[in-house]
Every structure is written in structure tokens, then in C-alpha cells.
Ligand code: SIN
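One chain follows as C-alpha cells, the form predicted on its own.
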Amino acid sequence: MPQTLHATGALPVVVVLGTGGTIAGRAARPDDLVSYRAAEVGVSDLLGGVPGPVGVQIESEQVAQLDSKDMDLVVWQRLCDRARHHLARTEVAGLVITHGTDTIEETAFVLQALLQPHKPVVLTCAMRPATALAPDGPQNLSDALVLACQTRAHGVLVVCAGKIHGPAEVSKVHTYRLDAFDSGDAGPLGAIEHGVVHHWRPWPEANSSGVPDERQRWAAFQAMANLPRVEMLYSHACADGRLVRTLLADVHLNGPEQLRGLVVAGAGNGSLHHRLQAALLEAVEVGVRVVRASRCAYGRVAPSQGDPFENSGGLSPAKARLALALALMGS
């Protein structure tokens, strides 16, 4: 059930949805930044030590409590449903979602694709647990609350270490650094410094954010028990295509085990070992959709004339997999 933390007058509302993650983690010792347990502290407790913006009413709701490495469709469905519910409330200015760092970029992509919100939906996280000597979660949460109040902001946004990232570009690029996220060539959308939002690039818009608009598939997404099966693999030296041919054994299965798509992270400009490419062409011939992305953190795949594979449109392999799975819903 939602919990109202400050309920005074007809103030604009920011709703904070908790899903767990390191920001809600707990360790046995304050100097332990590795062996902590994620998703131990409730969202209302996280907010207890963070002053909210002046003149704003804060509500919180625990949607899930998990380590984000274990994110799954059921949690996404509930999170999308609760976000959609609160966004429809006229008094709600924006949402904040506390999340683990491992899959925050994937959750941001899914939320943008299915909601395309006209209000800010701000995901935030932490690289250190709540029990650390110097946790980064409280500042990230404070920054997210500030951004969620911005009347001109909209779309799904990710805030970490003072930077604002968009759902199409953001990726986790470091295993432990507090500033663990990057937006590639595009760069951050902006920054938050001393409680002030500095806006550098346009907020995510429907059909122009790099994230497909999948709102028409909302009902199908909420009803499904599994996303269409799309596997992801990498090209590398000595790749022989054997993994692709093993996966093709599942093309004729029925239900969620049926292979529907493959996303391949090629080297450089999406280049593929010739034996792997031959196997992927076999996949296309039997009706499997194949999308070519790149292993590189920067740049995008520039398609060549007559390319037999679909292009990721600059999306990372993980996001290209989601884009393809969402496109295959109901088909």
C-alpha cells in the first residue's frame, strides 16, 4: 500500500516507487562494499533521511524488493502498471523509482517504450549500500526528487552521480565507481548541481528518443507470461556459429521456448566472423529475426547496402534485445 510521508494541503505530489537494489542494500559492516545484501531497506526508510523539495508532497510505495540482476517480466509488469496509475493522477508531478544498477538501463528502456510519459519518471540507484560509511544513495535520491518536480521535464530519465541520462543511451560502464554510468557519444541530458537542474539536451520524446513507442502493445505486455524469446550473443575470434545452430533447434517449439530472435554484438562496426555470419544467415532463412549491434561502447553500426541483418539503430545489445522482444509481442 502507498505510504504518505508528508500530507499537508493540496501540494504537488512526487511518488517514489521502490524496487530494491544496492541503494536499499545492507552490509554487516560499514566498510563492506562488496558482500552486502541488496534490497534489504524499505523505500520509506530510504526517504526518511532525505529532505524532500520544499512545497512538494512525497508518497512512497514498495513495488518490489529484489537485487536488480534478478529483474524479470513480473516485476516490470507491476512497475509499469503502478507507474501508469500514478502518472494518471492530476496531482502527481512526477515519479521516482529506486532501482539496482545492474539492469536500470533495461528497466528505463522498457518504461519509456510502454509509457512514453509526459511527466518525468526518474530512476535512481546507488553503487554503495545504505549502510556504507559514505553511501551515495541519499544524494542520488535527493537529486531524483528535484528532477521529478521539474514541470518542463518529461520522459524516463536515469539520475546517478549528479548526471541525467536518457533511456536510449544510458549504460553502466564501471563495476564500482560512483559515477558508473555513461551516455556514449550523445552525452548526458543534463546535470543536477546543488539542487539545480541544468538541461543540455532535449528530454525524451515519443518517437524521437531512440526508444520505440510500444504503447499500442500495452495490453499484450501486461497479459503475457513471458517475453518472446530473443537470445543475445557476441562475435569474437574463432567464432564458429555452433551456438547459433544449437539455438536453432528451438525454432519449431511452441510457447515461450520458441526462438524468435537473435541479437549479435559484432566487433567494431558490427563486423562478424564469417562462420558466425553463415550460421546467422541460416537463422534468417528459417524465420528468426537477427539484429546486428556492436560490442563497442561508443558509435553505432552503419549499415551497408544489402545487409541481410536488421540494424540496432544505435542501441546497445541489451536494449536491442528488448526492442526486438517488444516488437515481437502479439506476432
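One-based numbering along the sequence shown. None of these values were measured; they are calculated from a predicted model.
The same protein also has a form predicted together with the ligand, omitted here; what follows describes it.
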### Candidate from 50, 281, 56, 66 lying within 4.5 Å of the ligand in the model of the complex - any heavy atom
66
### Heavy atom within 4.5 Å of the ligand in the model of the complex - residue from 172, 260, 82, 119
172
### Summary
Counting only non-hydrogen atoms, the one stretch of 302 to 310, 288 to 296, 56 to 64, 34 to 42 within 4.5 angstroms of the ligand in the model of the complex is 34 to 42
### Message
in the model of the complex, is there a heavy atom of the ligand that lies within 4.5 Å of any heavy atom of residue 316, even though the partner is absent here?
### Response
no
### Message
So in the model of the complex, is the ligand close enough to residue 101 to count as touching (4.5 Å, heavy atoms)?
### Response
yes
### Heavy atom of residue 126 within 4.5 Å of the ligand in the model of the complex
yes
### Message
Going through 16 to 36, which residues have a heavy atom within 4.5 Å of the ligand in the model of the complex? Please give them in sequence order.
### Response
21, 22, 36
